[in-house]
Structure formats: C-alpha cells, structure tokens
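The form predicted alone is given below as one chain in structure tokens.
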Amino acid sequence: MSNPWSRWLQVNDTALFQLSRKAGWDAFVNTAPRADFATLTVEEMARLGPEESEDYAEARAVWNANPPTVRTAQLTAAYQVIDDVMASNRRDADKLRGSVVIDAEPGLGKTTIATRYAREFHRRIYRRYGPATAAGDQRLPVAFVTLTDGITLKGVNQRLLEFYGHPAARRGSRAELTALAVDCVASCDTRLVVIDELHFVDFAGRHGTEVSNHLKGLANELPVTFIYVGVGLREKWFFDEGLIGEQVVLAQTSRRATRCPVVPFTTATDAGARAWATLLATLEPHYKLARARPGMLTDHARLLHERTQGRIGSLTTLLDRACARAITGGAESLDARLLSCVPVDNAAEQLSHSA
C-alpha cells in the first residue's frame, strides 16, 4: 500500500508560481485549491510508520504555511476602491482610464490584495470570452510585473516583455521595446496591468521622472487599467511625479490615480478588537494540529496583536512557525508560551519589545 501523504505531497506541495511570467501567472489563476485531508489524532499518528509520519508532518507543514485569504475589512475596502476605478475599464479605447495605487506599509497584504483581485478578474474575462482572442492569439487579461531596485524606463519595458515571454525582451532600443510592449498588451487583449514594488523607483531622480512619464504614456496609449503596488508612494512623490512647489499642480498622476491605503488591525476600539478576533476565529480551523481546539487563537488575541502590531503578514508568519514548532516538539497545539517565544520578522519583534 502506497504512502497517502507521499501522494498528497506530489500533487499538493507548495506551488512555485513565478507570477511575473505568463506561465506562472496562468498556473496561479487556474490551479485548483489544495485537496484537504483529515487531521489525525495523537493515537492515529502513533500508528504511522516512520516514512508515513515524516510525510504527514510535511503535508501539514505545507498546509499550515498556506492559510486562506480572509476577506477582512481591509480587503473588502480595497476591493471596493478597485471596483470603483475599474468601472472606467469599460470605456472605449479613445478614453483615458484611471489607475489604482495600493500604498501602505510593509506586511499589510498589499500584493495579496492586488493578485487576488487580478485573479478573479482574469477568471471572469476567460469565462466570458475564452482563452483566445478574435485574432487567435493567447488571451491574457492580466499582466503582472514586479520592479527591481534602480529600475529604468527601459527596464520597465523589459519586465513587461518578460512577462509575455517575448524573445526580444533584452534587445532593442527604448522606443523599440516600448512598441513591442504595446503590441503584446494589445495582441493578448490585456485589460489589467499590475505593477508591484513600485517603491523601487526614485521619482525624485531623472530615471524616476522618465518612468513616471512612461507609465502615463502607456496609460494614454493602452486600453488597460493599472494597479500600482508599493510602500510609501505618497512620501516618495509618486503622485507628484517628483515635482515640487507650485509645479505640483501640474502632476497628472495625482488627478488620474486613486490612492488605496491599507491599514493594520487595531484593538484600540471595540470594533477593531472584534475585527481582529474575527480574523483569528476564521484562521483557527485552518491549522492542522492534533490537539487544536476552539479558542486556540482567539484566547490569545491580545498577545498576537502585541507581537504582530495587527499586520497580517507578521501574523501568518508567526502562526505557521508556531505550528511547525508544535508539530516537531509534539505539543500539537498553540498556547501562550509557544506564541510568545516563536521568532517573527525583525520589525514586529522590535516593535513588540518596545511596546
């Protein structure tokens, strides 16, 4: 009899989606959710053979490290802003579309919001129009581009062409690459372009001004809606295009873009505390531990908030690490001691100690 956990891992192990390539994005959009499996009791685990026990622990580690996306108040509010802006996506090609700027501190789920919204949009377009365009090209409703430090105008074009898998992504002048990028977007009937890590652009410098003008030019020429994602974009003068003083009023981006802030959870108000507890209660059933119990997380809501400052990225990191320790150490549950000693990201750790 084959090892059932080995089979599960072969099918359901962590998917290495490279979202910045069309093959990876397509897999992210179309891969079915992981198949669930029953959580064994301590007695049932004791009857497993060595290899079965090892593979069962690995299956749980994969599962626990990938909690579902919870429709929090922050995600709902962000979706509403994006929906409002996406209404302009239905405009004819000769009319300008607005853009969304998801601008917030690290660890608040900015990229998760953008990618999950874009995935839903991608699926809707596929359902309505199919996987091929009228001309027979591959339909790619969404393009996902991740920027890198010191990115230039030419680099933006290259990253966009790399998403589509264009063989000339590393060749040609800026003008030639721009023309190729525009052709890819048009040929694949792309309607939504997500640009992540926009904070890597220095909008106060020459390259930043060029990138800003290039993005405006693409928005003028392409019948798409842009979602920009980054940290501290208002402070980095993205909306002002690097302009200062009286020139700021000339910044077109500030009129075309709608800022979508994302805030951490707070427990300072009754409503905030309830929202935090609801998040924990929603996540609680996901984790596969033999001694898991109702209240395993909600009983420690204050502790978890102190350790993560209400940032969902820090929370999920803490929980999957705590689950890993609970499995390897044999506790098979989460308690205050374990949740207090598991290391989290540096920023959360420092703020937790200074509170």
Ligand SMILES: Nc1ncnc2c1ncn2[C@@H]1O[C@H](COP(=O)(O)OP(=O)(O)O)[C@@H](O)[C@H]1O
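Given the structure is predicted, the values throughout are model-derived calculations rather than measurements. We number the residues from 1 along the sequence you see.
The form predicted together with the ligand is left out here; the points below concern that form.
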- Message: Exactly one residue in 172, 217, 272, 106 has a non-hydrogen atom within 4.5 Å of the ligand in the predicted bound form; which is it?
- Response: 106
- the ligand in the predicted bound form has a heavy atom of only one listed residue within 4.5 Å, and of 53, 298, 69, 39 that residue is 69
- Task: Identify whether the ligand in the predicted bound form is within 4.5 Å of every residue in the set 20, 161 and 190, based on non-hydrogen atoms.
- Result: no
- Counting only non-hydrogen atoms and a 4.5 angstroms cut-off, does residue 312 reach the ligand in the predicted bound form? yes
- Would residue 75 count as a contact of the ligand in the predicted bound form, using a 4.5 angstroms cut-off between non-hydrogen atoms? yes
- the ligand contact at residue 138 in the predicted bound form, heavy atom, 4.5 Å: no
- Quick one: does residue 110 come within 4.5 Å of the ligand in the predicted bound form, counting heavy atoms only? yes
- Query: Heavy atoms within 4.5 Å of the ligand in the predicted bound form: which of the stretches 220 to 228, 111 to 119, 130 to 138, 205 to 213 has them?
  - Reply: 111 to 119
